[in-house]
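Below you'll find only one chain, the form predicted on its own, shown as structure tokens.
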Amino acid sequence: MKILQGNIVYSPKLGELVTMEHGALVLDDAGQVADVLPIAPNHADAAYIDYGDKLLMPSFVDMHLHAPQYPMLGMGMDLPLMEWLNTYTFKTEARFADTDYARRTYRRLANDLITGGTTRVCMFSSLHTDATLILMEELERAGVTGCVGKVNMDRNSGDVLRESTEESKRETLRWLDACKRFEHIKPILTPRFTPSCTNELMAWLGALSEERDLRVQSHLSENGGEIAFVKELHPDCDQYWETYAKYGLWKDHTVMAHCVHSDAREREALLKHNVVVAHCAGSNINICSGVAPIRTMLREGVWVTLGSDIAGGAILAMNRVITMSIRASKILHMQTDGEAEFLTVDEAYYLGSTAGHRYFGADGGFSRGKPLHAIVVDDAVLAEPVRKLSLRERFERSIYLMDKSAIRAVWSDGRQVV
């Protein structure tokens, strides 16, 4: 048994923040949360870890990012989506045919994620099987947990990054067979998006998902030009989401990034099928896609999480992704003369932590009976306060200002990894 002591902060549900000054987390021998207490209990056989006046908070979850785009952070930010993909993205991802390059890049990425307090991810790799396995190895080595997908794409990806339909099928099966050795990183089927996958490939992935009970991730309604292109490819579908649904890819726990232009009918389909939205505010603004109606989605009961979407998003640190989500909601608030309520810091933190942990089976902030995912934040290094701050004020300031230097420990899946 371990008992962690510190100032506990967590968000059990949207809009609710719980704070405990000098509280305690009790962990069992498997690293699972046994209790959350306002005062540390006295157990003679327990190992005590006292974090003093530091903040002890649930870690971050990044529900949408492109690992092979990590080397191109901050590039092509003035281009629209389809032009950005063809000018920068596909050429960058093509480099991951080189496994040595993949190893160097993914080791850095995994380290950046875990030292920044992101312990769970839902991530795209490239179409390269061997590089995808290297990515999964490096994430496990660093202590990151979650889902990674080998990308499937057999059309509309330029000359440098494409696989045939048969090659995509064959390599997906080879990848899935090799994934059995991973304990903390699980496979997720990843058709890049409708324009990059033929009908044959989409149908095959849908059947595979059903056969092997595999989850799915992709993109939805990000950009006006993309939506029009999807309509050309699938004139039988009234809306973008139906191009996934007709192949069995639109189902419980499917993750769809963006949903910027999802109207009432598409949002109803998200809710009905328990499809998860990965809101990527930074990317949507950088590529001028728009601002997703997150407040409307939340009011309607849609499951919303947050993603960095590197490299459309230029920020990997999830606390900055959280604050970008707040700013984006304030843009929409101003554009609608206050009709659309903006996200509070408590709400946005919930989306960037608890809502994502829920995807992996945990809920309620620090979930009893679930492995601990947490960060320890030394907010004293951030700035000199003008007065004594409340615990909630210290939390808010940390979300806006923290960087890696303030994160003194990281717990992932019940293990201290930083």
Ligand code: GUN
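Start at 1 with the first residue shown and count on from there. The structure displayed is predicted, hence computed values, not measured ones.
In what follows, reference is made to the form predicted together with the ligand, a form of this protein that is not presented.
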| query | finding |
| --- | --- |
| Listed residue that, although the ligand is not shown, lies within 4.5 Å of it in the predicted bound form (heavy atoms), from R267, H128, R192, R320 | R192 |
| Among the candidates V216, A292, L85, V304, the residue which, in the predicted bound form, approaches the ligand to within 4.5 Å (heavy atoms) | L85 |
| 4.5 angstroms heavy atom contact with the ligand in the predicted bound form for H66 | yes |
| In the predicted bound form, T132 touching the ligand (heavy atom, 4.5 Å) | no |
| Contact test in the predicted bound form: D309 vs the ligand, heavy atoms, 4.5 Å | yes |
| 4.5 Å heavy atom contact, E347 to the ligand in the predicted bound form | no |
| Stretch in contact in the predicted bound form with the ligand, which is absent here, among 76-84, 103-111, 327-335, 259-267 (heavy atoms within 4.5 Å) | 76-84 |
